[in-house]
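Here we start with a single chain on its own, the form predicted on its own, put down as structure tokens.
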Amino acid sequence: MSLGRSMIRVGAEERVRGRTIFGYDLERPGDLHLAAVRADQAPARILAIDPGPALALPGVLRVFTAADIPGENRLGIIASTRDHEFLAQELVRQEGQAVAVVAARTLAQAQAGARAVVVRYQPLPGVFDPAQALREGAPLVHPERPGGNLLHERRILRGDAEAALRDSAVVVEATYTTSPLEHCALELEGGRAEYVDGRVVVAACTQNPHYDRQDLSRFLGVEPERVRVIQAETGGGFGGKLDLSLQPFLALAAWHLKRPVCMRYTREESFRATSKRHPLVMHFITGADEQGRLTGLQARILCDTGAFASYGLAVNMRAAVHASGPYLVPHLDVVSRAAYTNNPFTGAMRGFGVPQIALAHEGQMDALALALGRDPLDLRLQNALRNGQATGTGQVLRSGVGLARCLERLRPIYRRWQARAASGEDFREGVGLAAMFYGIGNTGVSNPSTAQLEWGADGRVTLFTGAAEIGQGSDTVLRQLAATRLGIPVEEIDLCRGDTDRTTNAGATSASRQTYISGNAVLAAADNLEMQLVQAARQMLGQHHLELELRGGRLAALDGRRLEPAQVARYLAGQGQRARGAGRFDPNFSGLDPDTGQGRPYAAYAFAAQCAWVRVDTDSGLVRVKEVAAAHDVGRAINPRGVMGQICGGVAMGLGMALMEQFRFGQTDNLHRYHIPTFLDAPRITPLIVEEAEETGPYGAKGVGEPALIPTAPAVAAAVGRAVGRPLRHLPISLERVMAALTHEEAEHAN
């Protein structure tokens, strides 16, 4: 049986041995090379672009500008907010925005050409703070759009939060902030395009090949059928490869030149040109009664979406929906606003705003525990959502609520670390705890997936899926689900993935949705395949009422007869047909009420809790995370080894968010200046799998890709706060912030 079997991920050996051909590696002999001309100032008006000096250089064939785009220049993943100009037309809205693309015979020639293009700008007043951007009279980032610099506002209103806070025994109030972050996928953006029989074929790193095709067809002004997108092997994404990056440039050059072209970003260009994690400012007021029961929450959230919308609407909405945390909060007043600025645009990054908001709701739980004299774990357990209770949007959770079990799994570890945490002359130790919940899939909108399964005449089964594999393991998990349902070994299933000519849309690999949504689509395809095999077997045998079912990889009749599905496939092939089943799944959801935010935004939620044990050097402020224990409710672990890998990877990424990562344009433009955790920073991680089955999930499964990250930073922040004696509410927790906390505490003790 494949379900619950720890398997080596599909493609792992090729990656370890260096044999994988990523999008960055697709160059072939004779390909033309592309390089972008990027604005060195913003905001600014483009007065003139002179390609002459570039065209005079050896090997330079063409310089493309916005005037060469045959279709729409404004693209974006969310239809209502398509505003990303891939080649700036009149205005440059952020530094690093592309204004032209050079095509040349070699990469060096293309880069020289890009440096030679002369662009004249007229500087314009800009706005770089989201609060200032929303003030009357602020410079407009998109002067042509209604609504000024406000991209989106979402309210979640339930009960009477003001009265609940007024009547609470304890009220805590604080402001929390997070920083913009870079995705830092190991593979840089890369790809290749060619013009074949009147069509543009683009192969590139991506998280959503079918969405890419739709946008590229708009960009070129052609029918989608004239564009083919193939997901190249993709070395990580974390949300950064949801937005189009170099695909429009590849498609544009191939379309005009009718020749194969390739393009690669340098690490510096990736830092300058791609999306970042949204920085949030979160002001929370939370109340509780004498017994520690949460009474009400008032939250005001401000989100900087930068120069383009990207996923700002989705991040802003998800932040508001998750502001209450995984707790029963009867009264809510949450307002979340996303503002345009001339900062680098921000988009999807692992968690879609929930890692940021978790810092706030978990910091508030710790503050309440301190004010009430309660243990932080016990207070969380008391208020944890359970089956039958309602979230802040009024959604009653029927199944799959495993937070209490996660907290109980952590209890012995948490208590043991608390007892062992020590302080010395030059160090202090602390133990912190954090919990989270995360809605699986897109928020309050349809986000279906489709899949097909075909049983071949040779006895092998092929799974066709548009689900992009970016390292999270969907290639493996979807094959395991198919194998379990069909009753065959997973090794007998071949995979066709991420090719818009050969697969149908499975939606983006984002929002931890592929196991749950595409997994259900695969099971639906298996059901449909079984039905087709049964009908064909009846025709083949001439017994139209014969009772048959697919069991153990064979068609079994009540009279004991067994048929190999390959026999039936050969029979169908003789009639010019295929033994192919199709499946579709769209989660049961409802949109959020526009005024109150009440509704059913997700069909399923993941839950988790993590605790961290840290040591703080009092002389330098250096924080060393010694151990992290992470308990995650995944519904059902289809591939336990894969789940544990996701948890450990998420914790490592969370450490960077907590302690060291902060993107500053022009200052942190490479991995020498932008610090991410290395092997030497990694703590001992104890992943704990909790299986609280989700009744609507494939064999009870949910997702873990983003949940794995979310509790880490707030748990580390809580642990450092315990060690230094003051709460840490701003990320990253830099050496300077730690030293300031230590110094302030010492001054207080001196008084």
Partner chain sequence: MSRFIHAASLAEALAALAPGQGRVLAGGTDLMVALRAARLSGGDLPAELVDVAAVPELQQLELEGPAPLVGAGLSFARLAADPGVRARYPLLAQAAASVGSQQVRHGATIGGNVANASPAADGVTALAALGAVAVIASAQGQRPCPLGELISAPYQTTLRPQEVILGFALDPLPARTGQVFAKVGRRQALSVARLNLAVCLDERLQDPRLALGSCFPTPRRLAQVEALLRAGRPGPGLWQAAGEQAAAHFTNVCGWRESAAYKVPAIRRVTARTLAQAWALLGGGS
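Positions refer to the first chain, counted from 1. Since the structure is predicted, the reported quantities are computational estimates derived from the model, not experimental observations.
Unshown form predicted together with its partner chain; subsequent notes refer to it.
- In the predicted bound form, no residue of the candidate spot (E547, R554 and R580) has a heavy atom lying within 4.5 Å of its partner chain.
- By the criterion of a heavy atom within 4.5 Å, Q111 is counted among the residues contacting its partner chain in the predicted bound form.
- Contact between A138 and its partner chain in the predicted bound form is not found at the 4.5 Å heavy atom cutoff.
- Contact annotation: L742 falls within 4.5 Å of its partner chain in the predicted bound form, judged by heavy atom distances.
- For Q598, no non-hydrogen atom is located within 4.5 Å of its partner chain in the predicted bound form, even though that partner is not displayed.
- For the options E492, D681, E153, D527, the one in contact with its partner chain in the predicted bound form, meaning a heavy atom within 4.5 Å, is D681.
- Checked against its partner chain in the predicted bound form, the candidates L671, L370, A174, I78 yield a single residue with a heavy atom inside 4.5 Å, and that residue is L671.
- In summary, the region of this chain contacting its partner chain in the predicted bound form, judged by heavy atoms within 4.5 Å and restricted to 618-626, 285-293, 178-186, 450-458, corresponds to 618-626.
- In the predicted bound form, R115 is the single residue of 113-150 with at least one heavy atom within 4.5 Å of its partner chain.
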